[in-house]
Ligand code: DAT
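Form predicted alone, single chain, as structure tokens, below.
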Amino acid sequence: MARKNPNIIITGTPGVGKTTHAEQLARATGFKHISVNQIVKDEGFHEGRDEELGSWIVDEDKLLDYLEESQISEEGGRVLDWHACDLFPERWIDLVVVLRCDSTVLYDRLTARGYKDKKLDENMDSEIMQVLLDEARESYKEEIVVELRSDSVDDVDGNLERIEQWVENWKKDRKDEE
């Protein structure tokens, strides 16, 4: 049976507004916000921390098994919030939103979070070189990948309106096919 609601990934470099977008979108649509980083931490789906980068070394197999068991593919209605997207099977995903941010704005956000040295440099380079956008385009069909700016509150509001409209159109298209 086809799922009634789409699954959406909100991805991008740390600091671009993924969690803000995901939480607000989940509230507006009634979907479930899945903070992948929180699951990795809470469920122990990691092999420790990379102290230099201050991030978890993720056990992707355990993470994917956990999400599969949650019926993500069958039920839909999930907003996945994570800095990467290429590990999620294409059959699970209906829309990939890659948030981008002006490098000056992003630098200020990351330094306010206490990022420095290698962690700061690596994340800034990733954004400047559009690593996550390229990753999304290589991993999913072109028509489900969308790049959105996230420099300001107005951007967030506009992005949410756009995604909510996409969700309504997705549902309508599925209803018309029945």
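Numbers follow the displayed sequence, beginning with 1. Everything quoted here is computed from the prediction, not taken from an experiment.
What follows is about the form predicted together with this ligand, which we do not show.
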Q.
Although the partner isn't part of this model, could you tell me whether S150 comes within 4.5 Å of this ligand in the model of the complex, counting any heavy atom of the residue?
A. yes
Q: State yes or no: in the model of the complex, is some non-hydrogen atom of T19 no more than 4.5 angstroms from a non-hydrogen atom of this ligand?
A: yes
Q: Classify R109 as contacting or not contacting this ligand in the model of the complex by the rule of any non-hydrogen atom within 4.5 angstroms, answering yes or no.
A: yes
Q. Given that the partner is absent here, does R113 sit within 4.5 Å of this ligand in the model of the complex, heavy atoms only?
A. yes
